[in-house]
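First, one chain by itself in structure tokens, the form predicted alone.
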């Protein structure tokens, strides 16, 4: 998997696209370890609301982060399917629970713009930028911000 390529001095980044609520988000493919359907989630007592629980993924303990809760969106309807994006951060494994996983899209780095002032504040706090698509906006997630629970606790 090529994460960045150099074509005529233009740098490109590939993004795994996901749907959370009705919004399209993108994660740099260089940060994605796995895409999986979570199975047997174990609740963690006294955990923050965005920690949906932990699960075992091929012998690793993975902390599941409910992205709907992290973005202050309504809870997922009972029985609605869920997918997970596996991420590693500082030696810890996380699974970001999303509504759907889309395709991998490749964009020149110049396509990623700064966050607009009118971007939903729930998304702005975890976004590194946006990419304008035809009729849609791809919000590029900053994985470090998504997983920084300390800032979330301070903001609450």
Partner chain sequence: MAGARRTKASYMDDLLQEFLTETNESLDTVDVELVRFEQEPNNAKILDNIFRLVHTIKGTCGFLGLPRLQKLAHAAESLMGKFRDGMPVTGEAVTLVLSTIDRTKDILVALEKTQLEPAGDDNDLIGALDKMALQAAAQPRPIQPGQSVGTLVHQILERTLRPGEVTLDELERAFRETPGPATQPAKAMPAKAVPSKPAPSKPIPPIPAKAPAESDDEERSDGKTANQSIRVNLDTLEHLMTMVSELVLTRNQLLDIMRRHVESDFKVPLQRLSNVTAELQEGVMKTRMQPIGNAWQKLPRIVRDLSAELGKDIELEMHGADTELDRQVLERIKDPLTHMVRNSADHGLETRAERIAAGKPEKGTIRLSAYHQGGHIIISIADDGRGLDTARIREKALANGLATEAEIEKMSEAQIHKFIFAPGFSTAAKITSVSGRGVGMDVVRNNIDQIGGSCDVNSVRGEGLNFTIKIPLTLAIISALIVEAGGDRFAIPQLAVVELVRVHAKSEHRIERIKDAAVLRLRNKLLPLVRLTTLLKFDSGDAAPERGFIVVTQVGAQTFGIVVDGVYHTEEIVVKPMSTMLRHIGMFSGNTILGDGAVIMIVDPNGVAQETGATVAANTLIPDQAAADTGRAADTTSLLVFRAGSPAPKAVPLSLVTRLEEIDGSTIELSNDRHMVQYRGQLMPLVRINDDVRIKSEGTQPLLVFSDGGRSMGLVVDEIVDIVDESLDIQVGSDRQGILGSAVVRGQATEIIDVGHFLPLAYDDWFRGGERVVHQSARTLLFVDDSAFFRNMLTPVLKAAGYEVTAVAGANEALSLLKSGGRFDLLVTDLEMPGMDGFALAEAVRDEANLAGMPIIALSSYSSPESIERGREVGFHDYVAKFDRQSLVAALKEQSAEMDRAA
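Residue numbers count along the first chain shown, from 1. Treat the numbers as computed from the prediction; the structure is a model and nothing was measured.
Another form exists, predicted together with its partner chain; not displayed. Remarks below refer to it.
The contact residue chosen from 112, 55, 105, 29 relative to its partner chain in the model of the complex is 55, the criterion being a non-hydrogen atom within 4.5 angstroms.
Just one of 101, 131, 51, 127 comes within 4.5 Å of its partner chain in the model of the complex, counting any heavy atom, and that one is 51. By the criterion of a heavy atom within 4.5 Å, residue 87 is excluded from the residues contacting its partner chain in the model of the complex. At least one heavy atom of residue 63 is located within 4.5 Å of its partner chain in the model of the complex. In the model of the complex, its partner chain lies farther than 4.5 Å from every heavy atom of residue 122.
Its partner chain in the model of the complex comes within 4.5 Å of no heavy atom belonging to residue 35. In the model of the complex, 40, 42, 43, 44, 45, 46, 47, 48 are the residues of 14-48 with at least one heavy atom within 4.5 Å of its partner chain, listed from first to last.
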